[in-house]
Every structure is written in structure tokens, then in C-alpha cells.
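This document opens with one chain alone, in C-alpha cells, the form predicted alone.
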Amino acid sequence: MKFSYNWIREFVPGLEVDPHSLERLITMKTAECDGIAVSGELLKGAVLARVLEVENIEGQKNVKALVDAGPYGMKTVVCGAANCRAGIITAYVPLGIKTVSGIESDGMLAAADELDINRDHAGILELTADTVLPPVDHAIEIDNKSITHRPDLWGHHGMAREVAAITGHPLRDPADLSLLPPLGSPVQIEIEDFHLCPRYSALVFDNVTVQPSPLWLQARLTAAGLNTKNNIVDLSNYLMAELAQPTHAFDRAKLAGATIFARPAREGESIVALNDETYHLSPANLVIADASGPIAIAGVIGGRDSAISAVTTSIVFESANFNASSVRRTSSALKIRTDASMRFEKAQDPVNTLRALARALELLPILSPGIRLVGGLADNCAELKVPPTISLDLDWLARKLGRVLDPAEVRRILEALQFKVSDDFEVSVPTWRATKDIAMAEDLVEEVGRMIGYDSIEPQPPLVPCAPSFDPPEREFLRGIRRHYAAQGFTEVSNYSFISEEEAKRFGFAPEDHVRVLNPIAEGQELMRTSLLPGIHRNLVENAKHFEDFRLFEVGREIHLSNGEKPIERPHVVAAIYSRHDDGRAGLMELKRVSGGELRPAAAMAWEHPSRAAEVVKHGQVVGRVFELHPNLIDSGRAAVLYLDLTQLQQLGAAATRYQSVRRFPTSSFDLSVICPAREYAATLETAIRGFAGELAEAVEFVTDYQMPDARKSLSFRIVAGAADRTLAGAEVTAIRERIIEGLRGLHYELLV
């Protein structure tokens, strides 16, 4: 936001601090400034000048003008403006002699945008002999984020109040409430919900002349970063920039009936706004309406059909206060953000509506000579609440600040900021600071601290004992899970907790079983996920476009509905191995190893390969699944997926680790190949082999399988035999082998021996 240096000085008599010094003071004590720009730099030497003669230049659109430049004497100027003609009074700027179109041109005749008066470049200024050119100004730009909690600082008078407190100068109030007439307006105000519209005030004027604003007003608005249009619209922008109070003028002749309504929009209503866009409204949008329907979107933008035009002669000038959240929701829903909506979103002071009207009563006769007030004031408002007082303990203040202050200094600071302070330091908060800004004693500490300067407080180490903090068990557990998968070569991904209805349906999840987001941050993120699978599937599809093999994992939370209660969040981990060329078995075997559990065949889910799905079992409990992604969900290659419930894993705890001494005696191993049906599970045979091998079999490992031509397969296992107290004799190893062979043959398996 831009602040005019000249404008601030009007409210702080005697202020002599230069713009750059003032910028630093504001940054250190109030809000962060982004820099200073000179506004109207060419005005420094500009004067009124009369064009005496104009001569065309052959072959050029430019003309040669003889100009009476007042104190600069007679000048010859080459000008390209279409309205340059003999007799016109305009602005002359002495820029020295330059050759233009082969002719020496001494200085220039200026357009309005070149002098930063407005943004018009259609031609040179057309002025009158009594015109006073505005002075050069400096625009101090302040970061909007640093004043988002200070609605009073969205106007020049609010910033001037800060400057007066910082520099110790008096503050002049531009609003004279004694100018307001008594109640008795020809228009009536009806407010349906005072929560949405705490106050609505208006005045009616006749004999209005719509015309360009004087140059001083145009230049001031331009310095503040606002556009100019005509005297009535410019006045509305001027009041907003001065008092932080948005206002609006309706053409009274275009209004239906004598009552203005502040109400929620009716279902099916729409409005064509000042930007010529049509907006379809809902009851969630507050509108200003007449008897025929909406004439403005409250706090956001006015309607085109009731707008001021060149033929307007009677206006309703309104100044209102709206609920900040309501304006923000409407602005976001309709995707329209204006200077007015930005201020209303910050929670404006309801008292400010009358201040803006009082200021308008002072300025309108200047901007539209002959204008006449019709009737009195229209004002409808909720009961205005008096902000509660705050007790300020000076000893407590000293402890909080780290510096002892004289009570008189504390009082001076607070009163300079226009707080009222009693003898026992009961502090009354001004209404413009009581709208979600100052509410407790800690807020007053900040007010005092920033005004004395935080650099005046000597840094001291904390005087309280410090002890290291420890992460809660769940966080440390999740960190361990991440370390485990990263150590296995997996790359961690992080997906949003939101998915689209299409993604939910792709995995067979019913959208109605999800928590629905009322204000999704983007299209396609309207549901909160009940599974991590849609996100990891998206990662697989995108990465498969660029890589032939990769590993991914994510640790995240599922969000589940809970019978009207607060949704339940359960942490899960999903890991995936993708390969473009192999048959996918290696990925499944790798995930079995990584899972640390046993696999038990299970019926496939809708998103799983029909014959490649299993449950992961640990300590007798099912904690997740290993499966290959269904071919319909991935265009090429194979993706093996591990999905585990981390809540169950944490509850089961890690298996106890027992010390084993280093083996002193060697082991013996041998391989066996078992011929079995093509759909036989290796785990079934592995369990049988363990049972037949006995206690001396230290390990039974699946090695490989081979598909035979007759719809059978051969499964190979390696059996490791050994004893802790001796080396097994050949006969003992042979006996183990024979027991296994006889046992398997007894189960009708054929062996290759």
C-alpha cells in the first residue's frame, strides 16, 4: 500500500522529517516499508504556459509551438499531442534543449500521466489561468502483510496517528462530526442481520454535477496508487485512502423505492458489477439491494445499473460496516478482490461510517459546487459495544519488556497512540484498535515496546532453567520408519491430504465416505483422503514417464469419518517399486523382505492384481498388504506396493533382539526342488519343509521357481543345517534330507533329487 508523504504532513502539523527518515521511523516502530517513489517529479519546475502559435512540421505528426512559459519566457516546443493548439493553457516543464523532428525544442508540454496527476496520456493538460499545479510528492510503500492486523493503518489518517506518536507532534483530525445533520433522511435503511452488517449510514444529495476532480485530488490519489474517474467516484476513493473507510455513491434516479436493504442474496439472484462482469449470487453473499434487487455486492463492488454517470444529478452517498469474514468469503467465492474488500476483510471500526460522511459533507461543496444536502442522516446500526478496559501492571510490563520504564513515559506513549489511561493504569482501547487488534495486556506491551524501540532493550539470557525436550514416542517411531525405508533405497514423497472424486472412484472408494472440504484450495482437492494409494498412484504414473525403475514411499495419515464425531486420523506407510521391463516378482519379493513380516495369501481388492495379493502378518496380526497394482491402473510396467498400518505396528512394538554368540562350528546346506501345481504357494511348502527338517534345520530359504510346460512348476529351496555345539556328521545331514523327501512324497509331491 502507498502513502502520500504530503497527505500525512497535512494531519501532523509541524512535521519536518524528510520522507526517507520517516520511512525508517515507520519501519522500526510501526510497519515494514518497501521503499519510496517520487510522485510527480517533473512538477518541481513545471509552470502554467499559454500556447501562442502552432505550426505544422512537414511530413511529421508533431507540431512546432510558440509558448509563453511565464517566468521562463518565450519558448519553442515540439509537441506531438493532438490537442496542442493556439490559445490552450497547459503545463510547461523546463527540460533543456533537444532536437526533435529536426527542430530545437526547449522543454516540453506535459500530459497528465507524465506529471503523475492521473494516468491519462491522450493529450497535453488543458488548464485554466487560475489552476494551481500540485506539488511534488513522495509515495511511501508499506508491505500489506505487516498491517493486515491493523485496519486503522489502511488509511492516511491512521498512519499519521502513528507518525504523530513517533515524532511527538500533534495530530489533526480531518473529520468534523458536528457537520452531520440530525436523523431524517428521505431514504430508509433496513438491515436483516446486524452480525453481517453492523452499521449502514447514508446521505442524499441533489444538484450534483459530475465532472473531473481538481488536480490536487487527482495527484493525491495517483500518489496513493488509486485511479481517478470523476469527482464523485474520486471522493469515494479519497475517503477510503484517508480514513480507511470505503464508501459508495448510487445514482438516486436509478434506485427502485425509497428503502435500501442490507441482506443476504436470494437464491438465483445475480448482478452486473461495475467491471461489467455478471455474478451469480447465493445466500452466502451479502448484498445491498433496493426494491428491485441487488445494487451492490456488500463490501466488494458496486452494481453497474445504479452507477454514477455524466448525467447523474442526485446521489445516495453510503458509508457502511460489514462482517470481515463474510466479505472475505464472498470475495473468494466470486473471485473478485477490490481496494474496498481488502479493507473490510481487516474488520473496520463501525464508528468510522459517520466520520466518512462528515468528511464528505466538507469536501463535496468543493468538488461539486452548488450541491445540496436533502434531508438528514440515515443511520441504522447494532448496539455499539464499548471495548473493555485492560489493567496494566507496570512491574509485569518491565518483566515482559526486560526494561524498567518511568510510569510517565508509559502513559505518554499510550496517550500519544490515543489510548485513555486512568491514574491506576486502567487502559481504555480506542474503537479503531478494538477490532481484533488490542484485546489483552500483552498487546499493550507491544505498543510500548515498539515505541521505545526494541534496540533500547539490552539483551539478556533467559533466567529460567532449560532442559532438553524429547520427541513423543509416535514422532520418533515415524522417524524410524522413514529412516528404515530410506536406507532400503526408497525415495520419500509427500502428497496433499486432498484427492478428487475421480481419484476416489478410480480405487473404488465412495465419495460420500470421505470428509468433504468446504473451501478446497484448488480444483480436484475436494475430499480428504481415506487412503494413501491415490497419491502414490499419481506419483507412479508421473515418474514412469521419465524412469524405467524406481522406488518411492510415503508416510502419511488417512482421514476417516467417525459417526458425526471428529474425524479419525491413522498413520500409514505405503512403499512402491516400479519396473518397466521385468515381470514384477522381484519387486514383490523385495517388499516382503522390507515389510519384516510373513505374507499370507488374500483375496485381491479392486485395485490389486487378481492373483498377486497377500496380507502382511506380524505376531499373528494382519498389519497391511503386499500386492501388485492392477494392470488397469498403470499403462506400462509393473508396480509392487506395500501398505502398512503404522498404528498397529507401533502397538505391536519391535521384536525383542537377543544376543547370539558367534558361530563356532560350520553349517551344511543342500537344495531341493519340489514339483507342484502352478498355483501352489511357496510358503505352504516352506512350512512343510521346516516341519520335516526338525530342530537341526537353521534356515529354509526359497530360491527360485521354474514354470514347466505341463502347467506345473518347480520350486527350489535351500536348507541350512547346523548345531551350536558340534559340526554335523554327513550321516546327520543325510538323515535330515531324507526326512524332508519322505515327508513331501507322503504329501504327494514329486521331487527332483
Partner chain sequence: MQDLVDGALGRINSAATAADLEAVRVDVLGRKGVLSQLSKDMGKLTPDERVARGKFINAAKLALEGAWETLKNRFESEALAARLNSEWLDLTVPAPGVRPGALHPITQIQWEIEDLFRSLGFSVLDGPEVETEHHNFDALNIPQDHPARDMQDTFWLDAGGPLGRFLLRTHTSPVQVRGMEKLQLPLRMIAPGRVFRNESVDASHEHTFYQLEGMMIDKDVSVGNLIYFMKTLLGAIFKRDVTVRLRPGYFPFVEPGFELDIRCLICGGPGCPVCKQSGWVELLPCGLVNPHVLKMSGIDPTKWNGFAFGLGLTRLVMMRYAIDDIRWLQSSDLRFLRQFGQ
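Positions refer to the first chain, counted from 1. Here the rigid core means the biggest group of C-alpha atoms that line up within 1.5 Å when the two forms are laid on top of each other. Note that this is a predicted model, so its numbers are computed, not measured.
Unshown form predicted together with its partner chain; subsequent notes refer to it.
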query	finding
Partner-contacting position among T435, N539, T530, S579 - heavy atom within 4.5 Å of its partner chain in the model of the complex	N539
The unique member of P430, G293, P567, P601 whose heavy atoms fall within 4.5 Å of its partner chain in the model of the complex	P567
Among 299-307, 416-424, 435-443, 356-364, the region lying within 4.5 Å of its partner chain in the model of the complex by heavy atom distance	435-443
Touches its partner chain in the model of the complex: E41 (any heavy atom, 4.5 Å)	no
Contact of T684 with its partner chain in the model of the complex (heavy atom, 4.5 Å)	no
G102, heavy atom within 4.5 angstroms of its partner chain in the model of the complex	no
L274, heavy atom within 4.5 angstroms of its partner chain in the model of the complex	no
Residues in 131-156 close to its partner chain in the model of the complex, defined by a heavy atom within 4.5 Å, in order	K145, S146, T148, H149
Large Cα shift (2 Å or above) at F344 between this form and the one not shown, core-fitted	no
R479 C-alpha moves between this form and the one not shown by 2 Å or more, core aligned	yes
Core-superposed comparison between this form and the one not shown, R119 Cα displacement 2 Å or beyond	no
